[in-house]
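Shown below, as structure tokens, is a lone chain in the form predicted on its own; questions about how it binds or moves come after it.
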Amino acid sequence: MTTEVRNITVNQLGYLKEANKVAIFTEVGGKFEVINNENGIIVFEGETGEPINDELSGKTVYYGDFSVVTEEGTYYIRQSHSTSASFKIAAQPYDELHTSLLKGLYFLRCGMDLEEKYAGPWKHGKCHLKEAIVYGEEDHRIETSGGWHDAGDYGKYIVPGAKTLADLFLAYELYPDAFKTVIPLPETDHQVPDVLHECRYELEWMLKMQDERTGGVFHKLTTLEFPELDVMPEDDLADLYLSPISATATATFCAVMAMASRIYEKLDGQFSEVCLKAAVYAWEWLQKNPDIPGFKNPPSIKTGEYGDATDTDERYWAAAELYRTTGEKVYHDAFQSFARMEFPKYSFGWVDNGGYGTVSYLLNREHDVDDALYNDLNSGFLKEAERLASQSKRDGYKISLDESGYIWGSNMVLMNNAMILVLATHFSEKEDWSSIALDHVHYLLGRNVMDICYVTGFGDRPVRNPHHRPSVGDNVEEPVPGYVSGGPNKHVQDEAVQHLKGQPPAQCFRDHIDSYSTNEITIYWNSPAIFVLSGT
């Protein structure tokens, strides 16, 4: 059954009490009321602004500003006979969401029992405990349990895992107070923040993915093909294969291991040393292999490829992190050499991830930097933020996605852009783009043309049918909570959304278990959302 889309959309969780508060009306403007949900009192009467033709959503929209309402409580908006979702106004309306997005990574743990004590009804048994076969070396097998399942499938991949860890490490480094809440996890000890316990679970798996013989890192760990959609993790018993070593996997592994060495240094010196040693070993492989073709799936492996023809940005990131961690000139020289090359230096995706190298250099207070290069990178970062801010001001739903952004994982693009806006505010002495970043949060949580909260378990109209095997196969009515859905995708790349061809890009979404191109979940769609919420 299809739920009728309301013509008043709001952030279905709520608004920060002192921040701007705008509802978006479609097709009809005019007078509106903000009503206290508990006592029915009208607390504000207002009128929308002028109509705006928004091509990407295919709607005419009107803004209703009610920023003057600051008293904490639960409200809804009424216009004639139409009403919005209920929402909160509070000092910290997103705390529960922030914790749940992080807990979502726990639910993706591989190789251990998810006990009812921590997983509730979404518990399941140990999975994927077989030794993995090194592809092309049938007699070479390695113990590779642990880590996070990457997405709606059970593959484990180095490059997206590295992006996820980088987002979490940056969030913890810049906003440590955001992680004071206990999740809890099996490792919770009230000494080390739970976010670092969760990151370590992935890091310890990644360490197993480094080839002891060479220092290179295997690209991914998967079965030859994806299991059926209703197969639970513990029932996926096919052989596991380590795909060949790649430069992108080795470089991103190098980068996050160098980050981890810094982050854990004061918490666990021995683990910090293990991470740094692994990073240096990976760097040595990169130096010995400067010209490696981009990764392609071997002929018999049909799982997610995460291919990338260019590894310059990954090497740039690795050099930046090793320099920031060690202060050694060889890494600074390498970073400066890579910085002279042409590639995206302000992106936070799994393909283009040069932004992490740039941010590492801009945050480097431990060691000397080249002033000219630093100023150039800082200026470029702020220009990118200004570009995104300008696009947001033109967009009917106040976000930075242009038509090219409505791709597979558009909500990652959305939150990556919000990351840039938050970080640029940190680097700028003049501009504050935090309110525009917050508009991206409002979109994610319901203020969008689909009138849906793109996070499972949150809002009054959340995603309920994600492309996620445990949510399909566990016989629990509600999906596992705390997952960001991929979002609208103008390319409609699966059969479940073929009927949406030709629709405005922002409407190319379907909440259906078979829509892997619009409604899958992944670790690296959660992580930028965690970063942005940490900074709000």
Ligand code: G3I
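Quick note: we count residues from 1 along the sequence shown, nothing fancier. Worth saying up front: this structure is predicted, and the values here are computed from it rather than measured.
Below, we refer to the form predicted in complex with the named molecule, which is not included among the displayed structures.
Check your understanding: Does residue 306 make contact with the named molecule in the predicted bound form, using a 4.5 Å heavy atom cut-off?
Key -> Within the cut-off, so yes.
Check your understanding: How about residue 408: is it within 4.5 Å of the named molecule in the predicted bound form, going by heavy atoms?
Key -> Within the cut-off, so yes.
Review point. Might residue 157 be said to contact the named molecule in the predicted bound form, defining contact as any heavy atom within 4.5 Å?
Key: Answer yes; at least one heavy atom of residue 157 falls within 4.5 Å of the named molecule in the predicted bound form.
**Study point:** the named molecule contact at residue 507 in the predicted bound form, heavy atom, 4.5 Å
**Key:** Result no; residue 507 lies far from the named molecule in the predicted bound form.
Point to revise | Stretch in contact, per heavy atom within 4.5 angstroms of the named molecule in the predicted bound form, of 385 to 393, 182 to 190, 361 to 369, 400 to 408 | key: Comparing against the named molecule in the predicted bound form, the contact stretch is 400 to 408.
Practice item. Name the single residue among 178, 151, 170, 334 that comes within 4.5 Å of the named molecule in the predicted bound form, judging by heavy atoms. Key: Answer to the contact question: 151.
Check your understanding: Does any residue in 488 to 520 get within 4.5 Å of the named molecule in the predicted bound form, counting heavy atoms only, and if so which ones?
Key -> Stretch hits, in order: 491, 493, 516, 520.
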